[in-house]
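Here you'll find one protein chain in two forms, each presented separately as structure tokens under the names structure 1 and structure 2.
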Structure 1
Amino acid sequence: MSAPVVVCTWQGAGDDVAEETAAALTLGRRVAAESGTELRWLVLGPAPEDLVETARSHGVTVVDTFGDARLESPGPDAVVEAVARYSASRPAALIVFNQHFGTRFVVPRVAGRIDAAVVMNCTDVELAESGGFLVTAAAYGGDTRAVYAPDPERTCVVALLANAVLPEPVETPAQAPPVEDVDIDVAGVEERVRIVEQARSEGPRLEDAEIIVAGGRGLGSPENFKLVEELAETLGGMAGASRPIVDEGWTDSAHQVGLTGRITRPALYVAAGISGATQHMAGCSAAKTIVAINTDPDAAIFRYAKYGIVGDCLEVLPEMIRAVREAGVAR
């Protein structure tokens, strides 16, 4: 296999490289090493400040940068055009994107433009004995895993789920890879969707939290979400929520855990009044320890929980807050 593995990312000017990018580079490096090919990193828009050092520490062979002004705040049409033209001049065996809200509008269209196979919700890629790749992906709302074997004669495009791969820099970084400017013209691209207001979040990210206390409809009313926030603060963690209560306006979408929200991997996940639907569990099933609180002893959440409390979360949460404070582990 001579065609390279390409990791494609874009972010704001001066931003540090996100953990998800490091994870994609980790996966790309492993697949490239196994297939005996090079790992290229395609950076669209402004380059991060630690571009070269990150590339070096993750074993990147070549960094391709595409700093066209149209990609400083890129829309999906410009990104699709840029990646499609890049792929036409530099065919790849595998192209890896991080899966987030923006890439959902990009990855399938890129695959269509370059006549490639595409797998969303990817959690792993390995070589197939007969050639090509075996792509593992979350399926049925994250309740199980499916393994796909794309046509080895076609480029394979995957979108890697957040927290599916742990970033692992190389033990002994090589010399800094060359950085090459890509000459692609996307000036004629017209965006068909205009972003009126860009959603922004500040402070710690739910994806990075070591402790998460999440609430669902079992809380009964929006006012009771404060119990989730109070326990999370007492434990030194962050508050999360199921999609139904986000949709109903109890809290904002930055707190949503699940397949259409944040994919998390905390050390401790406390689920209060959450039934355990597969869409929600896709966002927290990788937690080291899940504690479930639910009045229904047959709730699906108990299948995933290491510790289960059958009871009303409105009674249990205040007791947990009190116990943590008395134990002196509050932060």
Structure 2
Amino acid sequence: MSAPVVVCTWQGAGDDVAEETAAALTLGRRVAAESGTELRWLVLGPAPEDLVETARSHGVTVVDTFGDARLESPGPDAVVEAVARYSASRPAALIVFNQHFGTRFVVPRVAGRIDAAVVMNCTDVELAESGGFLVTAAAYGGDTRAVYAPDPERTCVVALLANAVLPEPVETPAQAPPVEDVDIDVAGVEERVRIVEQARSEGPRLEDAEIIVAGGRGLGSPENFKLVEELAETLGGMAGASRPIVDEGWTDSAHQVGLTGRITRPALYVAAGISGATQHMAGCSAAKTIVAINTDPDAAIFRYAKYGIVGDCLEVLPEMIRAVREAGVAR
């Protein structure tokens, strides 16, 4: 049998969204089935509670757990070494990671350490007719898709974008797969980057918000960001922003939604005075309902929105605040 497909999740780095794990396993299972090989799930650090059930319902052949205490919190050097040693003992055809802040900068180092091919921002992996894989990735902030052919002689490492693959459990799950502890010791690995002052998460995070009201350059001036904040508060949600207004200092970077900001998945995303550039949409297109308020009827944001108001957000936002109050709306 050819080398396995490995899905690697790492809770210590924030791989705690069950849907994302399910998406990576779904992709892994499809590629493994097409290439007639097994699907292994490498779990770094603490295992998710429903480990065995998740593995079973996604057709995982073997679960490899790697419970070293060093992996409980993100120590990038230990993780790079752990995956490199795992991969040396069980060479994989494909290793799939989920891409988010905790893995974004570690995955390419893993690839470098094991001299693998690597593609970030991956949205899909298929088998090429000539053998090997074809990896599709978002480029130009999402304006284009690039299809790469990794060298088939090497392991290919990909980082899967959130929401690119729809999670699909198998219809009739087989038996629960065996869970094997990986016997690799990374205790001797020294972290070369020392955290002097840890980031203090202050309050709720946009990533977890159910409702986000975001503003962009169409707000016209910094004071008007208040309208965004007020509607967000009225709805019991959080305020977000496009990058230009963060760069201009209208609000701080914790509010930036997008490719290089927060990747959010709220139930409701209200975009006021935001054009809908792909780099922005990379951070909110997974919202279940997008509402756009924009003066330009041709603005790209309307292509993503379920509801739109063509109009001046400085007039519409206050009216929305009023309408929400009047309706006594909450989620």
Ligand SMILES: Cc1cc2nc3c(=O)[nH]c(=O)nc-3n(C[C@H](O)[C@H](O)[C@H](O)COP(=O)(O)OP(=O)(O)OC[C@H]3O[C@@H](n4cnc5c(N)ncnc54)[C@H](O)[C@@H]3O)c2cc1C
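Keep in mind it's a predicted model, so treat the numbers as computed, not measured. Numbering runs along the sequence of structure 1, starting at 1. The term rigid core refers to the most C-alpha atoms you can superpose between the two forms while keeping them within 1.5 Å.
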Mapping for form predicted together with this ligand resolves to structure 2
**Prompt:** Aligning on the rigid core, do we see the C-alpha of residue 208 shift 2 angstroms or more between structure 1 and structure 2?
**Reply:** yes
**Asked** Is residue 257 among the residues whose Cα moves by 2 Å or more between structure 1 and structure 2 after superposition of the rigid core?
**Response** yes
Margin query: Following rigid core alignment, is the displacement of the residue 273 C-alpha between structure 1 and structure 2 equal to or greater than 2 angstroms?
Written below: no
After superposing on the rigid core, the Cα of residue 323 moves between structure 1 and structure 2 by an amount in angstrom of 6.0
Here the CA of residue 236, compared between structure 1 and structure 2 on the core, is shifted in angstrom by 8.8
